[in-house]
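Only one chain is given next, in structure tokens, and it is the form predicted alone.
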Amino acid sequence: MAVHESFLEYRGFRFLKAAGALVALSILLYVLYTPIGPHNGGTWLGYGLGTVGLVLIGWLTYLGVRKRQYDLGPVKLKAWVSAHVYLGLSLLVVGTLHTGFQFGWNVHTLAYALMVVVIASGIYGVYAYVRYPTLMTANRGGQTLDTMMRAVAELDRQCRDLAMGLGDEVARVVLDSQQNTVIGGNAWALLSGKVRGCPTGRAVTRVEELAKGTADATADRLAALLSLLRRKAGLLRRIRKDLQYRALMEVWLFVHVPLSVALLAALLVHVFAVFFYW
């Protein structure tokens, strides 16, 4: 039986080992090298680490594009993602040692700061893609988002049929639940997975109140309606949670991608400034 291998474990952590070797070598050279004056990006080691960092950033940017192309196949895609993650993390050490811990209010530090933010957003991206798919599967309970949406529509139909003959107020809250319940919404609603004042929640509360003071056959119908509304409310919570997990998996890209482009631009300015002015 085949054993599932995640992109983090690819080929026995091949790219983790490669990144670890690069980090170890960079640290060793930094410790052994004694420049004239403090460590900085202008020494031969600083230039060497800077060149490695520049090549890594260019390659990782290409990897970010390449791994989104659908002709790779699952195995090769896993390899590219694994390389992107571990070599991206190694860049934090290589880039920091390149600076010699010399920072200031200039384009060089700006490039470094952008690099750190891009790496941090990438770390969150790895966390999101490892954690949230499992939570999505558990939340769906064997259903798809499409089947849950169809189930909500069917519950709306049943609620509407049951509400007939139960009075204007019941009809009003059921209609409000059907027409005004929002799934998704703005960015905050998607990321939080919550909607304040949900019409379906209000309908559940109101029908509960009406059912308490009612007897005979009407009470049975109200109880049946309440059961349907509660089922709908439960489905809505699961749908919103599913959309929340999706949003949390994708939101980091709105930071990672634009800042990666900004990082490349800052690096070009950084390199130009180094060779033109120094």
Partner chain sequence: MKILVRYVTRRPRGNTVNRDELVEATELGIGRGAGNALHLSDIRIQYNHAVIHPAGPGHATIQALGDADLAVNGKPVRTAEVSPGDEIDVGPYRLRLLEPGEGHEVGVSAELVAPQSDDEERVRACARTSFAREMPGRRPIAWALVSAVLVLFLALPLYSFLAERPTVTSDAGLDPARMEAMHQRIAFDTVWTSGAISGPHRFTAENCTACHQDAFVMVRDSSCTACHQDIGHHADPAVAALVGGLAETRCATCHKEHEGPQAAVQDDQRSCTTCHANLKAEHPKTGLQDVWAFDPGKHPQFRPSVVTDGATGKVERLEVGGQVPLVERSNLVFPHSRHLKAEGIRGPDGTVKMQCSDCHTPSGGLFQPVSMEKNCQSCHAIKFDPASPARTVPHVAAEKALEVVRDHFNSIVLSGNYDDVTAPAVVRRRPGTEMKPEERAQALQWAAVKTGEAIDRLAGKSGCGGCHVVTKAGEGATATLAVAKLHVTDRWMPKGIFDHPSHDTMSCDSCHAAKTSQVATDVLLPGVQTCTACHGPQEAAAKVPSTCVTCHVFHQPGLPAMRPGPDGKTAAHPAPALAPTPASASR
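Positions refer to the first chain, counted from 1. Just so it is clear, the model here is predicted, and its values are computed rather than measured.
What comes next is about the form predicted in complex with its partner chain, which is not displayed.
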>> Looking at heavy atoms inside 4.5 Å, which stretch does its partner chain contact in the model of the complex, given the options 193-201, 134-142, 173-181, 88-96?
In response: 173-181
> So in the model of the complex, does residue 150 come within 4.5 Å of its partner chain, heavy atom to heavy atom?
Replying inline: yes
> Do residue 157 and its partner chain come within 4.5 Å of each other in the model of the complex, heavy atoms counted?
Replying inline: yes
> Would residue 56 count as touching its partner chain in the model of the complex under a 4.5 Å heavy atom rule?
Replying inline: no
>> Just checking whether residue 259 would be counted as a contact of its partner chain in the model of the complex - the rule being heavy atoms within 4.5 angstroms.
In response: yes
> Out of 81, 207, 115, 163, which one falls within 4.5 Å of its partner chain in the model of the complex, going by heavy atoms?
Replying inline: 163
> Which residue among 235, 52, 226, 247 has a heavy atom within 4.5 angstroms of its partner chain in the model of the complex?
Replying inline: 247
> Mind listing which residues of 86-116 have a heavy atom within 4.5 Å of its partner chain in the model of the complex?
Replying inline: 102, 106, 107, 108, 110
